[in-house]
Each structure stands twice: as structure tokens, then as C-alpha cells.
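In the block that follows, a single chain appears as C-alpha cells, in the form predicted alone.
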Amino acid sequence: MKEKIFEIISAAIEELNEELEYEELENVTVDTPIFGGETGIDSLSLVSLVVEVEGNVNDAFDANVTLADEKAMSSRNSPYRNVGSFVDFIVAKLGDDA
């Protein structure tokens, strides 16, 4: 499951980065920063990424999870800080949905 989610996130980041051209978003790994800190994307790009990933995850796993919520956005340890934390967040959400 984690590998499939990683693939979904990576594809969405690569597609988003065709427009942004952020060097940090090339060659996506679990440590690739997404949002927050000195590197990462802006909040508008984050929303686009989360919506894209949410749709693809729901399609791939025949689920109905919401990945953009106020709790996650305001969390001290944001699930969007890097690819690995986003993968773990989605795995937990899918588990909650099961």
C-alpha cells in the first residue's frame, strides 16, 4: 500500500513541478520536502497537490478519504512536510476509512 501511495504522490509532484520547476522536487524520495520550512511549495500549490493526490488515492483504493482538513493543516508536525510524512498520513487515513 505504501509503495502505491508513494507512486501516486510522486506522479502528482512531478506533474505539479512541470509548472513550478523547483529543484527540490526533482527525483522524488520519501525525504523530498513538500511544504513548510525554507524549501517546499507555496500554500496554493499545496492545495492543488493535495486535491490531486486525494482523487487518485480514492480512485486507486476505492475509498472516500479527505486529505485536506483543518487539523492536518494546523498540525505542529504537518503531514505535508515531506513525502514520507504524507504517505504515512494517507495510510492512517485509509486505515480509519476501513
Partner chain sequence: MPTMVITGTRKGIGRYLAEHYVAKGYKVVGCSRSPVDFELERYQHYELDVADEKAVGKMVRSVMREHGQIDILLNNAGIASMNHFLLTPLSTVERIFQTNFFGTFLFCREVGKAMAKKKYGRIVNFATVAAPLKLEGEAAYAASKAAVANLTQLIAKELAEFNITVNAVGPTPVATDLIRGVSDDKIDDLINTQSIKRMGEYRDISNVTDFLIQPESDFVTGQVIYLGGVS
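Numbering follows the first chain given and starts at 1. Only a predicted model underlies this, so the values are computations on that prediction, with no experimental measurement involved.
Note that the form predicted together with its partner chain isn't included here; everything after this is about it.
S.K.: Does T29 reach its partner chain in the predicted bound form if we count a contact as any heavy atom within 4.5 Å?
M.R.: No - in the predicted bound form, heavy atoms of T29 and its partner chain never come within 4.5 Å of each other.
S.K.: Just checking whether A72 would be counted as a contact of its partner chain in the predicted bound form - the rule being heavy atoms within 4.5 angstroms.
M.R.: Heavy-atom contact with its partner chain at 4.5 Å: absent for A72.
S.K.: Verify the contact flag for G55: yes if a non-hydrogen atom of it lies within 4.5 Å of a non-hydrogen atom of its partner chain in the predicted bound form, no if not.
M.R.: Judged by the heavy-atom cut-off of 4.5 Å, G55 is in contact with its partner chain in the predicted bound form.
S.K.: Hey, in the predicted bound form, does T66 get a heavy atom within 4.5 angstroms of its partner chain?
M.R.: Looking in the predicted bound form, residue contacts with its partner chain include T66, since a heavy atom lies within 4.5 Å.
S.K.: Any residue of 41 to 61 with a heavy atom within 4.5 Å of its partner chain in the predicted bound form counts; write them all down in order.
M.R.: Result: L44, V47, S48, V51, E52, E54, G55, N58, D59.
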